[in-house]
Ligand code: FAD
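The form predicted alone is given below as one chain in structure tokens.
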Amino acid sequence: MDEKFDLVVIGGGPGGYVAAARALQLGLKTAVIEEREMGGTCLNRGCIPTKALLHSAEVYQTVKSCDAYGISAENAAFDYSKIAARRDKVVKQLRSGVEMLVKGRKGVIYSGKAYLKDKNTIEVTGEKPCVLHADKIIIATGSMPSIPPIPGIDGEKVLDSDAVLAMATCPESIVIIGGGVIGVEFASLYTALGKQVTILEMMENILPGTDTEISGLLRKSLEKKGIKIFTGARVTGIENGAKGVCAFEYQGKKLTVEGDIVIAAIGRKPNSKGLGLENLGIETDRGFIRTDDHMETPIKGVYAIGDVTGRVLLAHAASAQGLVAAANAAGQEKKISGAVPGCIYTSPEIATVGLSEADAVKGGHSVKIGRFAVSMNGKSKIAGETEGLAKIVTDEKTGEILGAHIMAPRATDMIAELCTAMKLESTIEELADVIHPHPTVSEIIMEAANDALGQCVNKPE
């Protein structure tokens, strides 16, 4: 049975469902096609389940260390099956909410795989095959874990992030290939639960692309917790037996490390294969779909958003792009703009936006840096979480805020202030003049801004 819509969104992840909900608000008859679960990778196999697990681990650590706060709780222990059950419950609740955001606005959700016959016709295959006709299309098919060609990486002891987040048991030892965001978050989770963790990263620093001062501080923090980190390490093979054994080259030596499981956390690739893009004449770059700032592909009326575009592989970026694409599909004139924050849910958390110090210098800016250590913040001392700092990168001549990098408790909640300041083109002087409540961790932002001006009264000379 054929159906006609103003807009069809392919993919129900954080980009797709947000685009659909906005399109419905704007009066477009809208359908979503989702091959798996609504909410996409972020809700079902990424952001949400990871953070649910990390929060349980944080609670466990808090209970274990409660003696320092005058509280007694003997024999603290955890049941990973219950932690996993809570993870799944949170995911299920949020997934149901996402479905209602679309259905509650009279949108239609089709379960199946989409195939583009042309720029106005989509074939849906699955339990209930059908053909949809649309005036406009938004492609929001996301990404999937990328698996490099390492001998043995397809063995039973090697898991990608999807498989790790489906586990109901907790391994005793873990080897993580990749020291990026996914890798360090899994490392933080398992070490907080008292497990043995090793990270193998090919680049010279963990968190490649992050400000090196911040990534260096995180490395020290992780190593202090017992995590073994090898950077500049090239994995040459994996042996799958009773354990997973990784062979790797490090500083001219051939070494091995074993774990109950090996996690391949090396990145993600676009989910664009088999979509029928060639029928529309849409060419891809390594599988990524290129768009303009309106999120429109070279084919008029066909948009792409989120991970599949390769712009920024983050859920909140996909949602922002979805709002832009939906508005344009409804006849408005919107462009994607603003700096995109990056968040890393280690302990302490890391949040960044804009240029790193090195990139600002490389870009020709006369750079001035403001720093303020978390250890000098009153609220952090109260909480007993004193690792990290706030770092703001500015242009010395103009006062423009070029970037901000925070490693602190709840850094991911605080970075929005810097995003807002940069979006509104605030100067470092204006940020320094903002009155921050006391005592809060957010005061480190104000202090770092004043430090960039040489006027931080709460920082020792």
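The first residue of the shown sequence is 1; numbering continues from there. Source: prediction; values computed, not measured.
A second form of this protein, the form predicted together with flavin-adenine dinucleotide (FAD), is not displayed here; the remarks below concern that form.
The partner is absent here, but in the predicted bound form a heavy atom of Arg268, alone among Arg371, Arg268, His294, Lys368, sits within 4.5 Å of flavin-adenine dinucleotide (FAD). Residue-level contacts in the predicted bound form: of Lys29, His55, Arg410, Arg36, one residue has a heavy atom within 4.5 Å of flavin-adenine dinucleotide (FAD), and it is Arg36. Partner proximity in the predicted bound form, defined as non-hydrogen atoms within 4.5 angstroms of flavin-adenine dinucleotide (FAD), places exactly one of 78-86, 187-195, 278-286, 159-167 at the interface: 159-167. In the predicted bound form, at least one heavy atom of Gly142 sits within 4.5 Å of flavin-adenine dinucleotide (FAD). Mapping the unseen interface onto this chain, Thr41 counts among the residues with a heavy atom inside 4.5 Å of flavin-adenine dinucleotide (FAD) in the predicted bound form. Taking the partner from elsewhere, Arg219 is found to have every heavy atom lying beyond 4.5 Å of flavin-adenine dinucleotide (FAD) in the predicted bound form. None of the heavy atoms of Gly152 is located within 4.5 Å of flavin-adenine dinucleotide (FAD) in the predicted bound form. Contacts of stretch 2-31 with flavin-adenine dinucleotide (FAD) in the predicted bound form, defined by any heavy atom lying within 4.5 Å, are made by Ile10, Gly11, Gly12, Gly13, Pro14, Gly15, Gly16, listed in sequence order.
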